[in-house]
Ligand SMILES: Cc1ncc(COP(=O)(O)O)c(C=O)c1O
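Just the one chain here, the form predicted alone, laid out as structure tokens.
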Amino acid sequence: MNSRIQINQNLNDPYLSVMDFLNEVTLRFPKAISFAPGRPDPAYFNLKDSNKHLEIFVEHRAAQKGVSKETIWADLGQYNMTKGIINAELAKMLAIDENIHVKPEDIVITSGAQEGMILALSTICNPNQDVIMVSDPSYIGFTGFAKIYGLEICLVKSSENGIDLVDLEDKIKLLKTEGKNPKIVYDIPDFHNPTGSYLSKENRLTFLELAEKYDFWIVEDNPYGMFIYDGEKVPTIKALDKNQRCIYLGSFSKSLYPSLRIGYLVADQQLQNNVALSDELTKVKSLTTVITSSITQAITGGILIEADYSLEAINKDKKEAYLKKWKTLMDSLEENFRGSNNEWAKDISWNTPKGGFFLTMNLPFNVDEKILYECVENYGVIFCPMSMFYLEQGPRKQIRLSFSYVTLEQIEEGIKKLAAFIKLQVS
């Protein structure tokens, strides 16, 4: 019998199915070379040391509190602090690695950065009066939940240099003349997903000036900032923030491994009546996931303690491996799409990201799921049509390539096969 009960009608939006596609397409075609998922390289997960890191954390915490290790072990198996149990360790890491200086109580440990996004949206925004602003294209996990939650989304132009701040200001002025309230602007300034763009320091400072001028908060998402391959590292928006205009989202999924499901929100803002925003976020968390796993928090805490609270050294080999992949991808694209023998590819171009996991490729023909599956089935290569990441009708002649998950040999072979497929389409 079919139920007549209606579910949330916002779930009918086909945009909300893209995340499942990104997570599952590689599993559906296990023999294909996949440039689709932004997965980290599993060669650097180091799960075998989890018990050691648990022991390190337990010994450290027992010494801190002056109690037995058995007491700490018992605590780890019990309900614990909603805000988290490794906040002090994270505060030290942020100070060392990112020059972000906040109190431990201004950090909320989440079940992955995705929960942090949900907490931020559901705590800060009122669906009937607030508008969120995002660059288009943008990360689906944030905009997808905003759609489910019923929030109005205002789209801002973007380019290879990141979010267009002139368009952002114009859109804010327009919203205010319509009596609407632009509450937060979400962005990934460091090696944006899906475009790979890197926002300059000058534009980050301008971003903060706009936030102060028009009274909105910036939600800065930074899963890829550690992985820079070319040029100098630019400070995060949060590190440049002098007026508590930025809420910072962090994750260990890329710097350690995804199944830890440890993310965090840095929210040092004060609301009316001196109420801390972090306390309000915690209130919402207590009604969703209740706590973030104490076990995986303790593993993460043990890793940080062993590393003297810096992930830079831990990720040194991983960054070098990603650099080799990045160079191999750039070289393979040049080899297969440039030169006197590749006149057919004269209308094909791509950006050169300075870091992260992604690049964007421009093609002279429309790309849809039909074209994608032709490539997978006939050439054994998976890519992502960029149109999947746009909330409105975006460019249909772009694809995203992710190079973090594939080997050097797969990159070379995959780009060669991709070139053969594209050549067939333009011939």
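Treat the numbers as computed from the prediction; the structure is a model and nothing was measured. The first residue of the sequence shown is number 1, and the count goes up from there.
Heads up, the form predicted in complex with the named molecule isn't pictured, but that's what we're talking about next.
- Using a 4.5 Å heavy atom cutoff, Ala113, Pro223 and Arg261 all lie near the named molecule in the predicted bound form.
- In the predicted bound form, the named molecule sits within 4.5 Å of a heavy atom of Lys254.
- The named molecule is not drawn, but in the predicted bound form it has no heavy atom within 4.5 Å of Phe337.
- A residue is said to contact a partner when one of its heavy atoms sits within 4.5 Å of a partner heavy atom; Trp350 fails this definition for the named molecule in the predicted bound form, lying far away.
- Residue contact check for Met117: one or more of its heavy atoms lie within 4.5 Å of the named molecule in the predicted bound form.
- The single contact residue among Phe227, Phe216, Tyr139, Tyr309, judged by any heavy atom lying within 4.5 Å of the named molecule in the predicted bound form, is Tyr139.
- Between the named molecule and the residues Thr296, Ser158, Asn315, Asn193, the one pair within 4.5 Å by heavy atoms in the predicted bound form involves Asn193.
- You can rule out all but one of 237-245, 183-191, 90-98, 72-80: in the predicted bound form, only 183-191 has residues with a heavy atom within 4.5 Å of the named molecule.
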